[in-house]
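Only one chain comes next, encoded as structure tokens, the form predicted on its own.
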């Protein structure tokens, strides 16, 4: 009887912990991980980048990066806050920790090691360790299938990744940018010598001579669509311009390295390898 009583108390305790979670997330990858672990309904507020699943869009917003304040978070009465590293000011984290609110910071690295670490930390905080392990296993399994496609395809197209917010505000992404997914999608970055981002200029565009030019959907829209991109000086002097190989993807899916990373890699693979039949 004592064992049964103790087990009952333990189960009740775990259920109580789960029931009282009021979670705030800052970073789309972390938000998606929480949802994939079955705690989406526990998120009471999130940042402006957390747009998937769609239900998150109706939640109160804590803002974006540098304008996120500790006071705005505290007003939502959370008992768990999840930040991605360097996403908010250090003083915001210190302020929250001083109040006793459980605050965890996860890596923001856009690579396989980074997403695995994020899942492990968040799953542990939510008492969902086994579910986190299963998620990591499924991601690895899906990526292996994509890798088989990549290995069987000799084509390794050069892709110029452009972050755009309207005409006159365009930057190309090199290593350690939001476009790291190229590495596992069977393509290569057209400007591997660039670290992070640099302004797009005609000379470097022509020199890079990409096979494809890749945008976020929102970035391509801000420029007026594919036809307007082809009018950008230098574009028509590249293979991408001559073949009108201007492509785009949902920016969050492409860049956040969340639970949907294999889905994103698959989409990018087929966008840059249209000759391959799925």
Partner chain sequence: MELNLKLVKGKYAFSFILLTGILLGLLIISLGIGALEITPLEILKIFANHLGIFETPVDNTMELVIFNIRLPRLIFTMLIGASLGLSGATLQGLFKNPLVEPGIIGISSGAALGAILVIMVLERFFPEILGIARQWFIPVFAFLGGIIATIMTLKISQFEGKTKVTYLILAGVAMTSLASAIIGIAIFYADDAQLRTFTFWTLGDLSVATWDKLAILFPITSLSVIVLIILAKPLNAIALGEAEAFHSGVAVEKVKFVAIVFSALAVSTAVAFSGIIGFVGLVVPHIIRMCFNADHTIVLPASAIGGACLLIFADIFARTLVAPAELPIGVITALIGTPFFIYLLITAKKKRLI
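Just so it is clear, the model here is predicted, and its values are computed rather than measured. Positions refer to the first chain, counted from 1.
The discussion below concerns the form predicted together with the partner chain, not included here.
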Report whether all of 65, 86 and 95 sit within 4.5 Å of the partner chain in the predicted bound form, measuring from non-hydrogen atoms.
-> yes
Though only this chain appears here, would residue 71 touch the partner chain in the predicted bound form if you measure heavy atom gaps against 4.5 Å?
-> yes
Residue 198: touches the partner chain in the predicted bound form, heavy atom cutoff 4.5 angstroms = yes
Though only this chain appears here, would residue 75 touch the partner chain in the predicted bound form if you measure heavy atom gaps against 4.5 Å?
-> yes
Would residue 99 count as touching the partner chain in the predicted bound form under a 4.5 Å heavy atom rule?
-> yes
Would you mind picking out the stretch of 240 to 248, 26 to 34, 217 to 225, 56 to 64 that comes within 4.5 angstroms of the partner chain in the predicted bound form, counting non-hydrogen atoms?
-> 56 to 64
Given that the partner chain is left out here, which of 138, 183, 91, 79 has a heavy atom within 4.5 Å of it in the predicted bound form?
-> 91
